[in-house]
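Next up: a single chain in structure tokens, the form predicted alone.
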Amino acid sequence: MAQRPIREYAAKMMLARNWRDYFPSSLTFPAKFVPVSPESDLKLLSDQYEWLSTEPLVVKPDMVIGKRGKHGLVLLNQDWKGAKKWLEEKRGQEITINNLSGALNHFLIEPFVEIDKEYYLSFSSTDEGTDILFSDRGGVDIEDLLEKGEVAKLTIGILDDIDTIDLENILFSNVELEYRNKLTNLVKSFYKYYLDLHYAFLEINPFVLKENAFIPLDFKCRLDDAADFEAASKWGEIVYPPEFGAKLTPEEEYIKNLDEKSGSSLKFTILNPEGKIWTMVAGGGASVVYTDTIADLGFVDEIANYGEYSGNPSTDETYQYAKTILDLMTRRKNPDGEAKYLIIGGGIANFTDVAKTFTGIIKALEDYRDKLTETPVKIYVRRGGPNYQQGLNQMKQLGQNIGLPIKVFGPETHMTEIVRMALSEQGA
């Protein structure tokens, strides 16, 4: 799986959307927050959200930036006039954090909350199960408490039932008695929510309990993006933001835009444009397996790209995706004259029409026949799933028709065996 961070706004919207299905009716989540994007018209926001003009506010960047408070990037207890002025000053501003530079272009506005007692809670997935951390001293100093081991920890095994575990004595022994039951119900609910929505990490620091309201002041999380097919209805529309400071190449931006307009998944990252080994892999999980296999075989420095196509993309979408990779791959020959390798792989698809997607890939290979021959490029294919035999036969026929070295395998061959075949060749 790939763990992908999402914006705080998206995480809180997801929580609001699913609150009633997971959390006790005695506890409410007053979901009041406003996203500010580069396209947002600040003059119209107070008309859309009347409470902006009546409540004290908090404003902060929403760009997967850690330690915003310590970097002076959180505006506290301001009216709308002050908040709007601050946003006008900060929008588009270039900042540098940990040697990474980028422009501030996404923000989150929320009501300011007076804090009497702040808590810390996190969930993280491990090989053993799920680690739950809790402290009744949440806030900016939580890292010091974590380093000192002063945060309560509980590991719930994969087969364990949280309802049989004494959370009160393990996690909440330092908490006032009147809050223990409420926190126990909250953590049990969050645990089930965490698993059902396929989180890989979730941290709330801090959160506040005011009467019967749960108020998360800062929310950070990562999703298992391989679970999109199962959890998409609960996630809602999710856009994975780029890492702060990351500059997308034109090709990466092109695929990103293609992905955002598609109901399928199209992901692409350039790792080393000079690399010999390029991949065109179907499925997020499979892309991790193929990349790990290449690295395990000692060719990590030769991996040119990382990405995946999945969710039954159309023939044209697959064509555009394949064409982008082939264009990059054939722009330069290897200085030593050795071949490059294109791995077209994947597991056994559940519903992606292999023949349909291969039609798009074949069209791109036909377009780049001359460049693939000149570079030169050797191609290894392995796939299974709906109409895979038709797709594989078309790929074999292509190699014969245009004289490209294409070796084709079906589900009878282990998924990553084509990697070993390719890289065992002399000169790989």
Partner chain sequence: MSSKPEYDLFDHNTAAIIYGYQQNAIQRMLDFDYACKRDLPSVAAIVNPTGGGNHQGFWGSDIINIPIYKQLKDAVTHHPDADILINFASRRSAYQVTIEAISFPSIRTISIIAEGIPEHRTKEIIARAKQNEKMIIGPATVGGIKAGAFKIGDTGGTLDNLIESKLHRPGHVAYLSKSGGMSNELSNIIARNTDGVYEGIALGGDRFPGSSYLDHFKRYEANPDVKMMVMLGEVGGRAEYEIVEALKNGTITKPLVAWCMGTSSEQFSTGVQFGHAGAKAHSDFETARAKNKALKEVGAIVPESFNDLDRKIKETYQSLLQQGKLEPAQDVEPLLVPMDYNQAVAQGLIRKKPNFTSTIVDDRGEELLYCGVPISEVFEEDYGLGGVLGLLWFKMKLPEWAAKFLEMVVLITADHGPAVSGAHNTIVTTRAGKDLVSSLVSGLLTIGPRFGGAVQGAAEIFTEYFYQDQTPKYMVNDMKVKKKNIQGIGHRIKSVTNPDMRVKIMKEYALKHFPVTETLDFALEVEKITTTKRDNLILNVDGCIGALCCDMLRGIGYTHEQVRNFVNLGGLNALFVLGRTVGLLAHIIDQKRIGQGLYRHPWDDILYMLPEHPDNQNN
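Throughout, rigid core stands for the largest set of C-alpha atoms superposing within 1.5 Å between the two forms. Numbering follows the first chain given and starts at 1. These numbers were taken from a predicted model, which means no experiment stands behind them.
From this point on, the text means the form predicted together with its partner chain, which you will not see here.
Think of it this way: in the predicted bound form, its partner chain has a heavy atom of just one of Q93, S101, N334, T126 within 4.5 Å, and the residue is T126.
When you look in the predicted bound form, the only residue of E230, E150, E143, E338 with a non-hydrogen atom within 4.5 Å of its partner chain is E230. With the partner omitted here, the stretch from 359 to 367, 386 to 394, 373 to 381, 52 to 60 that lies within 4.5 Å of its partner chain by heavy atoms in the predicted bound form is 386 to 394.
Not one of G139, P216 and L217 places a heavy atom within 4.5 Å of its partner chain in the predicted bound form. The shortest heavy atom separation between V175 and its partner chain in the predicted bound form exceeds 4.5 Å.
Taking non-hydrogen atoms only, A286 approaches its partner chain to within 4.5 angstroms in the predicted bound form. The closest heavy atom approach of L271 to its partner chain in the predicted bound form falls within 4.5 Å. Taking the partner from elsewhere, M13 is found to have every heavy atom lying beyond 4.5 Å of its partner chain in the predicted bound form.
In the predicted bound form, the residues of 349 to 375 lying within 4.5 Å of its partner chain by at least one heavy atom are, in order, A349, N350, F351.
In the core-superposed comparison between the shown form and the other one, the C-alpha atom of P386 has shifted by at least 2 angstroms. Core-superposed comparison between the shown form and the other one: CA of A11 displaced by less than 2 Å. Relative to what is shown, G285 and L133 are farther apart in the predicted bound form; their C-alpha atoms differ in spacing by at least 3 Å.
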